[in-house]
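Starting off, we have a lone chain in the form predicted on its own, written out as structure tokens.
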Amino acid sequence: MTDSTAADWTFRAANVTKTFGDLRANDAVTLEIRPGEVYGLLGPNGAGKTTLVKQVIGLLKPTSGSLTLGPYDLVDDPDAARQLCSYLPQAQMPIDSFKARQVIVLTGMIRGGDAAAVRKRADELIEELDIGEWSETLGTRLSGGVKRLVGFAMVTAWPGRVVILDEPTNDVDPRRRRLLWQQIRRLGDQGSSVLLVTHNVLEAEKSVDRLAIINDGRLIAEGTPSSLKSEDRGRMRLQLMVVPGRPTPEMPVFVENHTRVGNNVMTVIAETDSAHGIGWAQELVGLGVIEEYALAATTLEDVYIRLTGHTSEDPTAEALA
């Protein structure tokens, strides 16, 4: 393949539609990701995110629309898609028979990396992700979180023009999750286009340059995190922790919307109603209805809930195969 540094390596999806019988898994999805950009694709399970990714990497063919990366048509040339795109799937990598460092180096070399450069990069990733104590451990003996980090290192030891990460932080412990987000950001800084597929809105908000929200196969919003939150300026998030076993309290008129996940009730109120909100929450504490509350500025998750009707931790929807 020609690898011209003068080429425009922007990834573009134009009106991508994928149907399975009567099911429209993707509906005229249009987006672009520039080199060096971390682009988040957010949506609940079953929204069509993974279906879109499978078309990008040549595992599915769009019913209509186009997918291009630089000078390459990824629909007509799925082999180019697989060579130019690095992909971390949501499922764990099949590495049970390999040692961690061994499989990172092997994958980088299979992708065309120079052996010495790949070994050096593998050592850097092992150190930066803090998985050195497992570098010579067989995959069958690794925890799910460490396997996930090894999978990320496999994909990025010799990254493609586009790096696609599908729920990269699944099973990763909080400390190493922060290290992983730093490496995701670094991929963009080093020139790769990063497509981050996730439903973890709060984490993604801190790391992406731009993002799109997809629901029922359609792109329903796109922009920077700040621009997407612009409609929610002047509103506050009042979070209530309900006593286990207690029903959701009746909402007063100043609550604009609310969502309950487990014992956590998230409400949105106008900033001018903050005093009323705190007074109401304190009353609920006194009545033994809630254990605690917190008032804060609205987040991207509030936008996500408003647009999709889901929370980022909604376990009820099933993913499209």
Partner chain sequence: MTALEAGVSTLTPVRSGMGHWLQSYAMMTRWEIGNLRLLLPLIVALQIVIGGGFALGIGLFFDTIPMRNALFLSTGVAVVTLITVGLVLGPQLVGNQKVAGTYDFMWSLPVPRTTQAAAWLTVNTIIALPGMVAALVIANWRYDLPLVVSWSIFPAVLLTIVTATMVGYAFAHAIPKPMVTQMITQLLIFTILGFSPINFPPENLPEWLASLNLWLPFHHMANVMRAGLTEGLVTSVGTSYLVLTAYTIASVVLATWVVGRRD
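Numbering follows the first chain given and starts at 1. The shown structure was predicted, so the numbers you read here are calculated from the model rather than taken from an experiment.
Although it is not shown, the form predicted in complex with the partner chain is what the next lines describe.
- Checked against the partner chain in the predicted complex, the residues 229, 235, 210, 121 give one hit for a heavy atom within 4.5 Å, which is 121.
- The single contact residue among 225, 89, 249, 145, judged by any heavy atom lying within 4.5 Å of the partner chain in the predicted complex, is 89.
- Contact between residue 59 and the partner chain in the predicted complex is found at the 4.5 Å heavy atom cutoff.
- Looking at residue 186, you'd find a heavy atom of it within 4.5 angstroms of the partner chain in the predicted complex.
- Proximity of residue 54 to the partner chain in the predicted complex falls within the 4.5 Å heavy atom cutoff.
- A residue is said to contact a partner when one of its heavy atoms sits within 4.5 Å of a partner heavy atom; residue 218 fails this definition for the partner chain in the predicted complex, lying far away.
- The candidate stretches are 77-85, 199-207, 173-181, 240-248, and the one lying within 4.5 Å of the partner chain in the predicted complex by heavy atoms is 77-85.
- In the predicted complex, the residues of 110-139 lying within 4.5 Å of the partner chain by at least one heavy atom are, in order, 110, 111, 112, 117, 120, 121, 124, 138.
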